[in-house]
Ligand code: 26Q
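Just one chain follows, in the form predicted alone, and it is written as structure tokens.
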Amino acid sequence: MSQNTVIDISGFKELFLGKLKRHFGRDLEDCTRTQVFRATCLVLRDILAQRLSDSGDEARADGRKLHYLSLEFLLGRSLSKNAFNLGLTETVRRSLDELLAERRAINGGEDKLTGLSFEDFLETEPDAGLGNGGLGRLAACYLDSMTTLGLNATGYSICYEYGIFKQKVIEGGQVELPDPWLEVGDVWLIPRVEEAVTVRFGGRVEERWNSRDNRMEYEHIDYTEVLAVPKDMLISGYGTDKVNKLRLWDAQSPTAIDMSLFSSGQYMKAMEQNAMAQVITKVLYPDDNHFEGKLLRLRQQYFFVSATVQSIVRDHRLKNGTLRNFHLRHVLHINDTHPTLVIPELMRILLDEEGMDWDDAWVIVKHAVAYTNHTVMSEALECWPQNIVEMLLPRIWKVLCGINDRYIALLRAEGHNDYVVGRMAIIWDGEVRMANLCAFACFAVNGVSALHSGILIKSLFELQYQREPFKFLNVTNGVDHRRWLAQVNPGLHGLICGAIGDGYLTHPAELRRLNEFLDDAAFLEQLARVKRENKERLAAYILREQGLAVDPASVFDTQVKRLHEYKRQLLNVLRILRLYDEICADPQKDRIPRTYLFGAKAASGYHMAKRIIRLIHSVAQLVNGDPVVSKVAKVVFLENYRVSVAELLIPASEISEQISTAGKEASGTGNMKFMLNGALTIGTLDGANVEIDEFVGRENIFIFGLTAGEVDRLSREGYSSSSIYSQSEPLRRVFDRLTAGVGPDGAEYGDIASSLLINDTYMLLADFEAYCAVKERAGEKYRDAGAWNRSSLANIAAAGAFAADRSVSQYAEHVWGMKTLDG
């Protein structure tokens, strides 16, 4: 536990009032709601800063420091998390209650802050706009675990001004709005202007032979500079003094304004360079369906990794004087392919600035960089057009060519033919392949579930695996169980602590002890009451925010994740349309009422994903507007799905839809969060569903559909969705409705129907009947409350295996060569 002075209520109030006075020039009686929130955050930030200063930034006895590079860190809100990790939640809550009571007394009665609670001030905080989905949420979970486990680690990303986007649904269609989260969320950021670095773009490279040192030298000239300014967000650990940081890079121009142009009346042009620099950090994932979008994405990625590597190298030089031991002190971990340019950037620094020869530099890089692959989807493996890389990053292009030439020479020396060389090459046919670069250059390559890692070595990286099998391994993903159970589901946390104590917070495997209560009827009834309270809380949110009344007595059946065709939200929708027809045909049949909950954002340039969102809204109008059908079914699309909404939704959900095409989802982490809160999974044998199935037992999960092997075989032998359609009367009725018009809005979806019949890439129709059948099985099980609650508890008891603490411990031992506090 902490060795720092414990802050009691009087101490917190004193610090809080000091913040109000010094930062805002306000006293308690005249401060605003936002100022109360910011002052509270600043008190906690100061505590974290002091702990960071006290613990220092030196490596532990293992001698290494971890640098975790990810283009996303989906943190959600930080006030509740930091208060929880610091053990100050009740102190902050009671302090604010007392301070607001004092304010009322001073002001002689009620005022604009009367009645507000700690939870209301939590709502003041926007979700940090630093991520989109599972990749970013995973990175955030891992930072928490790294800190809790005592690892010396820093996360790195971009300080996006607007993040992904704020989703607004207008007449059923997604509209992307800016999400200015920094207007309030910047309270957690500590600018480090003195540690800024410059990043170079464009220009050209001149080569000259240095006969004295017998080496080629390169000079980068006529480039444009962008200033990278770090802003640090401090990361607390649970039950420890350890504090790490997330370093976010903000892009600025070295020259804010060109005074010569300004003086000549060219006012807009005088600001142009600054505007061009700042656009780099405006939004996450700009649309890259055009040349300018690709250019901006590549600019973002190089800006982020160049600033990161320069910062790490600078700190290392100050402490060591030389970079020749760099790989002994640092691990640079690439979270997916987005930060891959860290490899040629580190080479560039070792060659051009440190003056190393190629072989020495390559040894350092090969032993310093590790890579986690998160997808087998070709569009996410990042292949950059050669001409863009040459134009934007001329020196990096030269380094990439050097790596590629040596790799190809090595492959040919090993006797590989042109076909094999073409598959494994880093630069080939006008493209630069990021995944191939990672597979060749990194000392460790891992997948994120047992199934996914098997696919990597049998398919995507099969040839690289044959050359270097020792570098490939699996580390199944995990989630922050402290946040996704103890914080977001306090009723369940209290029930668990009453049964087995709170030791599971630091030793999640202790959740297995809940198996002792599987046949305890009283305990299972308490579990059901907790779920019902969470459902009522979510129902109140839906009514307040979207004006739709849902019945907490119905089954809450949830599918929330990024909108992508392989995740098969469309399969769920097709089944709801079939259910609609069945209810209309036989309205008297006894059915379990269900509320179907969706939440998803579609990439701005992903037309089909946006069409599916539009379809979900048409189906919602159809179902919810029918006086007969709406008694047993409701469809809800949760607008602007984000971490804070997930924190309400996941504890309330009873069915977790994890229905991606087998072999397409690397792991998933939503499946883990839902099981942690007692939801039962309906899923294919895909990603981590396979391992969840093994841990909970087939009686406590609903598995259906094709396996990854069957999907692969069907793809090779030929798959005809039209033949399935022609043989299924229920499917034909569903497709007729899509073509003729769905719902009161009359919107037609013939394009979706045609797409499924012509090119059902993700085999929705192949799995349709099995999916409908498993939904019926789930409904029948729900009728037996005792059996359902028993399976719910079995899922919670097994969820410790999917904690981020376990994942990070495995990375530390098997990849990073670092010791945790327990190691």
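Note that the coordinates shown come from a computational prediction; the quantities given were computed from them, not determined experimentally. Numbers follow the displayed sequence, beginning with 1.
The same protein also exists as the form predicted together with this ligand; that form is not shown, yet it is the one meant from here on.
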What stretch, of 178 to 186, 128 to 136, 165 to 173, 304 to 312, brings heavy atoms to within 4.5 Å of this ligand in the predicted complex? 128 to 136
With the cut-off set at 4.5 Å between non-hydrogen atoms, does residue 480 touch this ligand in the predicted complex? no
Examine residue 232 and determine whether its closest non-hydrogen atom to this ligand in the predicted complex is within 4.5 angstroms. no
Using heavy atoms and a 4.5 Å limit, would one call residue 288 a contact residue for this ligand in the predicted complex? yes
Give a yes/no on whether residue 103 approaches this ligand to within 4.5 Å in the predicted complex, heavy atoms considered. no
Considering 441, 92, 571, 448, which brings a non-hydrogen atom within 4.5 Å of this ligand in the predicted complex? 448
Report the residue, out of 531, 330, 338, 673, that has at least one non-hydrogen atom within 4.5 angstroms of this ligand in the predicted complex. 338
May I ask you to list the residues of 654 to 675 that have any heavy atom within 4.5 angstroms of this ligand in the predicted complex, in sequence order? 665, 666, 667, 668, 669
Closer or farther in the predicted complex: C-alpha pair residue 289, residue 70 (3 angstroms or more): closer
Pairwise C-alpha change, residue 286 versus residue 130, in the predicted complex against this form - closer or farther, 3 angstroms or more: closer
